[in-house]
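Only one chain is included here, represented as structure tokens and corresponding to the form predicted on its own.
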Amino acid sequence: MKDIIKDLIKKSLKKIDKHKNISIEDIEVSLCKDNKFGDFSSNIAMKFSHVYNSSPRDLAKKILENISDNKNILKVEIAGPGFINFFIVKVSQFEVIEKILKEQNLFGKNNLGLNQKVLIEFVSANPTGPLHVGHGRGAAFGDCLSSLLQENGYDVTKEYYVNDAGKQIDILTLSVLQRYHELIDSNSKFEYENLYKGDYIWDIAAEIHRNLSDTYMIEDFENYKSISIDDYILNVKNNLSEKKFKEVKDTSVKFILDDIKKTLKLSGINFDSWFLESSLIDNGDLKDIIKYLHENNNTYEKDNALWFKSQELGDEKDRVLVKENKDHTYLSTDIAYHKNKISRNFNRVINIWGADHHGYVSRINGAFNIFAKGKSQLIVLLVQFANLYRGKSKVSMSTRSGDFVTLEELLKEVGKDATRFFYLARKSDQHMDFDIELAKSNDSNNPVYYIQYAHARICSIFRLLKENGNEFHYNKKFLEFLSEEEELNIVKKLSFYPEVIKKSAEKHEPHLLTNYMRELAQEIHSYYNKFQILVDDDNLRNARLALIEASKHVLVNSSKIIGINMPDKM
């Protein structure tokens, strides 16, 4: 119906002035939330009045004078400063039910992103510890956004960037080695300032000790501690050997990555690609990128370090690529990684980062554009970490201290469905507090329970239908019996769904879909509580069954995008 209205408006504008060409993509038509203003509304007159040298209301009048009659439209009115409101013939309103019952799981899908390749990188937490509840929000957001883009026809690849090189991984290795030496000799005493302290460090050390005994033992290891963490790492590498240090490092990273993958699986998240930072060093990409930037006047040397001219690209100051000791910085490998993304011919590259990376955006975007040259677009979406509360006490999430609640613990306590939905229920760049008690509750205050219960209620009606010896027979002529306000509200809400799918993807805002699901569930519950569905009248019964069957399909389709289950019984 929206496409029909857009076409009528475009043809009317052509009659007004054939020399002006307004694209149909620029004509906005939206559903009216209040029935008294009609079924659909357009702001076309206000949007383009300046093009026609007219006031919005005068242009709206001209559009109405030139608009063609259509059997689906009952009447057209002008409201306010120039809105054009369309009232639809009642039978036409029910076309959405016909469409849903015909398309079923395909309803809501579109080809907006046809032939467009998108790489979406998310989570990418350093493999220095388990995923905690702060990481969970970005994980749910990235996975849901990927599904939304796929629903809109995009060819999506989900990728996890593994930071398995650099100082933090060396610190992880050192942390494991200290625990390992304590297992060998209980009299060994170490300080753990600036090291990782979680129980998982013990687990890694125990696995190494169990499988390889004292292979990595260093005599008088406790004496190698230095004032500088860099010197401490260097001392250990020199005395243990680079080869053995790397073996402990690789074992530690693999242990943590396996745990991360297990947690993501519990979350219902699967990645298409796991990209290792170390591969950029091993295959020479990092060296080539630094050479390219230097040869193209994007770098300079100062204080025996190599600097990137990021200030010229919008950053607040220039940044170091290679330090005085010749170690690379995270920025250098990140630039090489984004060059690799470009080389894989993605039309759009989406990075989902924590909000604490805000200052990092301009330098990466600037570097990206050096290599993309307009052939690929980089979009960085920032996600605020979620705060977890137990009662009124905020729970710590410090990975280094080891005092945090893991995402796995949260998933096992409140379940995958509640965890994912709660993470997605607010706009991603807004702070959120995760109410763990609410997420576990089985009442209407819990939005996940409320939505799932709506689906279960619909399923129970069809079970009762069967138990009564009846069957559902669909005939679109029966839909004319749907006349109650609650029924028409559901029809209108179902009509919104394709637009919500488009907007959620275009704006990168999955919370628009979770809000929609809550509103649809509310309409269904209100209807269920007020009216009997399985009435004696065959025509009315089948009309109402068609309505709730269509609602069921939309609930199921949206739940798959969000990543939650829709139980038949509760």
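C-alpha atoms forming the largest set that superposes within 1.5 Å between two forms make up the rigid core. Every value quoted in this text rests on a predicted model; they were computed, and no experiment measured them. When you see a residue number, it is the position in the sequence shown, counting from 1.
Although it is not shown, the form predicted in complex with the RNA is what the next lines describe.
In the model of the complex, the RNA sits within 4.5 Å of a heavy atom belonging to K317. Although the partner is absent here, S41 lies within 4.5 Å of the RNA in the model of the complex, judged by heavy atoms. Remark: F37 counts among the residues lining the RNA in the model of the complex, judged by a heavy atom distance of 4.5 Å or less. Contact annotation: L183 falls outside 4.5 Å of the RNA in the model of the complex, judged by heavy atom distances. The candidate spot formed by N152, N298 and V349 lies out of contact with the RNA in the model of the complex, as no residue has a heavy atom within 4.5 Å of it. Checking H209, R426, K225, K244 against the RNA in the model of the complex, a heavy atom within 4.5 Å turns up for just one residue: R426.
When the RNA is considered in the model of the complex, only one residue from I379, M217, L74, A456 comes within 4.5 Å through any heavy atom, namely A456. Partner contact region in the model of the complex: 418-426, out of 289-297, 371-379, 418-426, 201-209, criterion any non-hydrogen atom within 4.5 Å of the RNA.
For the partner-free chain shown, nothing in 1-26 comes within 4.5 angstroms of the RNA in the model of the complex, judged by any non-hydrogen atom. Core-superposed comparison between this form and the one not shown: the Cα of S30 travels 2 Å or more.
In the core-superposed comparison between this form and the one not shown, P510 has its Cα shifted by less than 2 Å. Relative to the superposed rigid core, the position of the CA of Q522 differs between this form and the one not shown by less than 2 Å.
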